[in-house]
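Here we start with a single chain on its own, the form predicted on its own, put down as structure tokens.
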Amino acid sequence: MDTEKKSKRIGILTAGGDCPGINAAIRGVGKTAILEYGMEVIGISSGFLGLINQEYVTLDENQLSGILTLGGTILGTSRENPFKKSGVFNAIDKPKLIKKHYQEIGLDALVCIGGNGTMRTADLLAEEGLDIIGIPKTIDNDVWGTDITFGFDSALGIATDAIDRLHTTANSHKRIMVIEVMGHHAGWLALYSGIAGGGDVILLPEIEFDINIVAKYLKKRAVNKKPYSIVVTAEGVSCPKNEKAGHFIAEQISERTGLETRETILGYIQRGGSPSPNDRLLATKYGTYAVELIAQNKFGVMVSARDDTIVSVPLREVSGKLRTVPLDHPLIEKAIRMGVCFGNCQV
């Protein structure tokens, strides 16, 4: 181990919504930094708020043991955006304060674990002169520049299990069941869980749907002696302001078909609990690779999965972009061939 590697002091923070796998990523970063490179690891509390308020703790190897399977984040999180005007400090003061505290703590690098908003903030802080590495996480799987984010696989399992369970209730009562899953702007979770769970209708934010087409499709299923139907919708599909997508769609289906319809909104349950084995593996790969980049003094980048390989992409390319479901996605095509309705199909 050389002196330069031993002397590095790195910070880790987790920002935005919690999701399964964050602690696995913290562990991957921390253990690799300490054991492989002899670095000192500083855990920043509550996302960027921890840098603003100087709330942090030194992490040793013992504190990183036993957290691989834990949900949530041992560091805490917040949605604090230091470049947005709010609170005591204005938009100019917060970034300057973060930079000042970054220097006072003596950090040589900062690892930011988060989703789109976090990567955008990380890029702006990199422009301020901080040495930043981003690690993408979100159950929505909508971070641009990577094939997959950790958190998605765990949420997919939870959503699919819920759909599986709704099949039995729907069949017993001969109902239409509408299940709302997360996904404000991207429908990855609705698409994958909808297909994995055998959904009959799948509604995505990327595809404009006609509720009349959905109703006609469901009535046709009933006429054809299909005893029940499952509708999977992303929370971000188009519906009246302040209306929950699941409630609105269920209400509209009931009015237009006369068929008994119920909605289930999964909500935060999708973000909680222990990460799946795949998310543990991906988060660990991301964490260990982030430290390799720090050791190489390669900053201003986000760790990324591309074609089963872990690489890095510039934060500048990621910032402000969203990875949505393309309309020609192979899963959409295959689902349509199996008779699944996306709300714009001809019935």
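These numbers were taken from a predicted model, which means no experiment stands behind them. A residue's number is simply how far along the shown sequence it sits, counting from 1.
This next part talks about the form predicted in complex with a small molecule, which is not shown.
The candidate stretches are 163-171, 134-142, 208-216, 100-108, and the one lying within 4.5 Å of the small molecule in the predicted complex by heavy atoms is 134-142. The small molecule in the predicted complex is approached by R271, whose closest heavy atom lies within 4.5 angstroms of it. Although the partner is absent here, M182 sits close enough that one of its heavy atoms falls within 4.5 Å of the small molecule in the predicted complex.
Contact between R79 and the small molecule in the predicted complex is found at the 4.5 Å heavy atom cutoff. Taking the partner from the other structure, the small molecule in the predicted complex has no heavy atom within 4.5 Å of any heavy atom of D123.
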